[in-house]
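Shown below, as structure tokens, is a lone chain in the form predicted alone; questions about how it binds or moves come after it.
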């Protein structure tokens, strides 16, 4: 009886793995067909420098598995909302007005909406794209707590992050992605690694590499965590 049970369980596991492999393969096909036209699915030619950066239609996805939370990807792909108020390269969408430069939202590309099964398959495939496991493994961050008021002061006044990023809707810069949903969508180790050295992830990033020590980096990550907890 035990031999039969073990064999049966092994058969179920084998079938489940086969289904998972098939779903991942389907996800890879969807990604290649629908995502590759805008997103870099392989490491871009970074030697092009600013020219490569200016030509981007969307952020690179070749390290998506090191960056995103899978559950967030599944939800967002079914209901994509704007994360980058100024697009992936804000100067391309800026227009001059009497009040100063503004983003022409009509020029921002719309993201395709996926069905539930397709979103799960795409997210599953994207999570296999992990060329920077070494950068993730190098992180020692353990999520902590920070008072919202002190975190916001550190974010804006002391670190100047709000010159490019928004930590609340419609307040802050537009050249970088908004950060009030960052904790929900990004892996904590990616957050700290990217803050510490964004050029290690993307040599053509517009985010400057600061001189923050580990404690300062962790405080910024804790603030993003606090923003997420405030919304719960």
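Remember, it's a predicted structure, so these values are computed and weren't measured experimentally. Positions refer to the first chain, counted from 1.
The same protein also exists as the form predicted in complex with a small molecule; that form is not shown, yet it is the one meant from here on.
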Report the stretch among 144-152, 80-88, 127-135, 96-104 that approaches the small molecule in the predicted bound form to within 4.5 Å, counting heavy atoms only.
-> 80-88
Looking in the predicted bound form, any heavy atom of residue 175 within 4.5 Å of the small molecule?
-> yes
Does any heavy atom of residue 200 come within 4.5 Å of a heavy atom of the small molecule in the predicted bound form?
-> no
Tell me, yes or no, whether residue 212 is in contact with the small molecule in the predicted bound form, where a contact means a heavy atom of each within 4.5 Å.
-> yes
4.5 Å heavy atom contact, residue 115 and the small molecule in the predicted bound form | no
Which residue, 28, 164, 189, 40, has a heavy atom that falls within 4.5 Å of the small molecule in the predicted bound form?
-> 164
